[in-house]
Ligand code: X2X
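Below you will find one chain, with nothing else, as structure tokens; this is the form predicted on its own, and questions on how it binds or moves follow later.
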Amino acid sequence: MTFRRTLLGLALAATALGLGTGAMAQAGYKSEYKMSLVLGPPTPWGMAGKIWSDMVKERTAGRINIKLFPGVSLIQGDQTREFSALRQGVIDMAVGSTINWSPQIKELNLFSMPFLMPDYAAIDALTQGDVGKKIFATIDKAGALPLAWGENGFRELTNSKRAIKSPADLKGMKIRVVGSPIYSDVFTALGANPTQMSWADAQPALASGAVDGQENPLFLFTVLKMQNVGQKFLTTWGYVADPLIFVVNKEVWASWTPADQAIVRQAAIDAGKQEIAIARKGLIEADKPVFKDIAAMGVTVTQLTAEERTAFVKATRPVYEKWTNTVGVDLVRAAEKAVAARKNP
């Protein structure tokens, strides 16, 4: 009888607090969930995590509280370990990079295939279509639950030496690249000397001239003021893009009520749409104001002609063909068809 009275008292207390019967199912909820991010606000990547976490807290009336951990601080800054840590439960949630997770999920190298995606409509054709669904199924099978897409953007090339308009201009140049092997293959094919290093190591290397250049989305150029570490030349070539993925650890997901699962999923979708708009701002308008902002910093901005871009496409074609087998022939062919059939807005 005492036990029954205790349960009744808990239920009445929950109702009085406005939590309703769902509060009893909430007993297994954590007081705080850990979300891993490589970058924090004010970058678009960091904003993706903040928008998502804020939406979830508001829409669940505080039942799900999320703390952001930028700089992949939950795994000592090693971004290539993020997916494994997420799967193991060290991380509860993440907005992660297809590049960083590609060592564990080979299909994610699709977005690093050189010159597969010529424009933003091509990115959307992949992420928002059947190819995106196939990739989400692969991530699910690999041990984490994907909910929505975001975007880190096209990766453009900067350096301290000269304007780059052809593969010959890259010959012998030391370029910092991320830790995925396909990037080393691409820059080796272009005659450069690719050097894998963390961004923390890259900044002093660029400042000292030990490394000549790097490739990254343009928001990083302006946020980090890369002209101050010798990056005086920018080539916009859109050779690869890096979609982001909103994910939740599967055990964490299973601990939530179906109603809260639906809230978290929809919040991820809504946050992803907002973040993509933030990531593209200044780059999709006719006058591309971001390019003007960077030029005003004393940087020479080179936008490749169609003919110049074709020379880079041809030079990296052997890399594309090599990595088609790694990514999966069927997936690459499906992606090529989706890109060819895309509709530009």
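Please read these numbers as outputs of a predicted model, since none were measured by experiment. Sequential numbering from 1, following the sequence displayed.
Although it is not shown, the form predicted in complex with the ligand is what the next lines describe.
Region of this chain that lies against the ligand in the predicted complex, out of 140-148, 111-119, 95-103, 251-259 [heavy atom, 4.5 Å]: Of the options given, it is 95-103.
Heavy atom of each of L39, N152 and R155 within 4.5 Å of the ligand in the predicted complex: Contact check passed for all of L39, N152 and R155.
The ligand: the contacting residue among T127, N159, S180, Q79 in the predicted complex [heavy atom, 4.5 Å]: If I apply the 4.5 Å criterion carefully, the residue I get is Q79.
Partner-contacting position among D212, D242, D185, E107 - heavy atom within 4.5 Å of the ligand in the predicted complex: Only one listed residue qualifies here, and that residue is D242.
Any non-hydrogen atom of W199 within 4.5 angstroms of the ligand in the predicted complex: W199 belongs to the contact set for the ligand.
Proximity of R176 to the ligand in the predicted complex, heavy atoms at 4.5 Å: Because a heavy atom of R176 falls inside 4.5 Å of the ligand in the predicted complex, the answer is yes.
Touches the ligand in the predicted complex: N216 (any heavy atom, 4.5 Å): Looking in the predicted complex, residue contacts with the ligand include N216, since a heavy atom lies within 4.5 Å.
W45, heavy atom within 4.5 angstroms of the ligand in the predicted complex: Looking in the predicted complex, residue contacts with the ligand include W45, since a heavy atom lies within 4.5 Å.
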